[in-house]
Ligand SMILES: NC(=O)c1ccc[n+]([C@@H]2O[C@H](COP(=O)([O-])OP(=O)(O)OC[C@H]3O[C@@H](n4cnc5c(N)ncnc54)[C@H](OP(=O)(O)O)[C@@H]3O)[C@@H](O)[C@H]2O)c1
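Coming up is one lone chain in structure tokens, specifically the form predicted alone.
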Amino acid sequence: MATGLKLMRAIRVFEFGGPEVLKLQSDVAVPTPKDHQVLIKVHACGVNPVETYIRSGTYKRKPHLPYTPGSDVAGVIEAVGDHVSFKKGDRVFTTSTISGGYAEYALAADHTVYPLPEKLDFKQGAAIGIPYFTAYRALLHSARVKAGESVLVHGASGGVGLAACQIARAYGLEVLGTAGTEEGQNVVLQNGAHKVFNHREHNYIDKIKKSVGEKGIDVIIEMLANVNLNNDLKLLSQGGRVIVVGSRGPIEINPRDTMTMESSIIGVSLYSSTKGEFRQYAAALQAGMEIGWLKPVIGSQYPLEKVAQAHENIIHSSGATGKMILLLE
């Protein structure tokens, strides 16, 4: 090993598999930023379900092994390459990293890095990336929501769900949410929903139908399509849209349910966004931070050495509330 090389702790994945393949190493070289790149001293990193799919090797995008997972970091600029407007000491958050976010330092392209306002702490900064940019794309780009429309956030108490509630409320929609615990339901109501329903109750779909009446719901943001899509189609208004944000397997539906209402099922993938779209979403979300409606809710927090437990819990523990993060401070 070269002397004088700065080393850091980072999670490394040498083979695809279960949470146990996440290995904490303390001798990983700190990367050096090149043109249009920055090096961030990571204070917190968001944990997202997609990172568990990538780690398992079942996701369409497979990184070259070995790799460090994680895209949503918040921290302070440690060093900059050429042609970068950021400077050492700037507080920032990211929507992507080059070297991986489950580490003490992360390399990122400057166009994926954004200023973090003083009113948000690093934990909140680590909760913005995938959740808020996905929720914004789902609502404004995919569903093309208009003020006055109704939206049901199906699975509203997690990171993307709460982001969707806050954004939908700020853009003038009537917001309904579902959650599986009393705590989750309260958090959903505190973060933009006008009404909340317990999706563990066997008759909750009937309660939603009764609440919205004959017209139905204009847009459904769906976090677990393999469980809910069939019911979603029966809740829609004429021309209604289901936006599929998450699914963990197949489901059987009756296409006729889409015919009578001329409804749509639209999938959303954040990384299909262009650079221009990312800039547009960032501008809208930056305004939300300034005005105050964008306020990430933090859920479970784990140190780097407990990352395998975090990956286990994000998939298997039900009734999650808020955004799961790794703490590196």
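Don't overthink the numbering: it's just position in the shown sequence, from 1. The model shown is predicted, which means the values in this text are computed figures rather than measured ones.
Another form exists, predicted together with this ligand; not displayed. Remarks below refer to it.
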Gly125: heavy atom within 4.5 Å of this ligand in the predicted bound form?
no
Looking in the predicted bound form, any heavy atom of Thr181 within 4.5 Å of this ligand?
yes
This ligand contact in the predicted bound form: Arg241, any heavy atom under 4.5 Å
no
This ligand contact at Val80 in the predicted bound form, heavy atom, 4.5 Å
no
Each of Arg55, Pro69 and Thr97 near this ligand in the predicted bound form, meaning some heavy atom within 4.5 Å?
no
In contact with this ligand in the predicted bound form (heavy atoms, 4.5 Å), from 100-108, 153-161, 86-94, 209-217, is stretch 153-161
Interface check vs this ligand in the predicted bound form: of Leu120, Val196, Val227, Leu235, the one with a heavy atom inside 4.5 Å is Val227
Considering Val175, Val145, Leu116, Ile130, which brings a non-hydrogen atom within 4.5 Å of this ligand in the predicted bound form?
Ile130
Just to make sure I understand: among 257-273, which residues lie within 4.5 Å of this ligand in the predicted bound form, judging by heavy atoms?
Val268, Ser269, Leu270
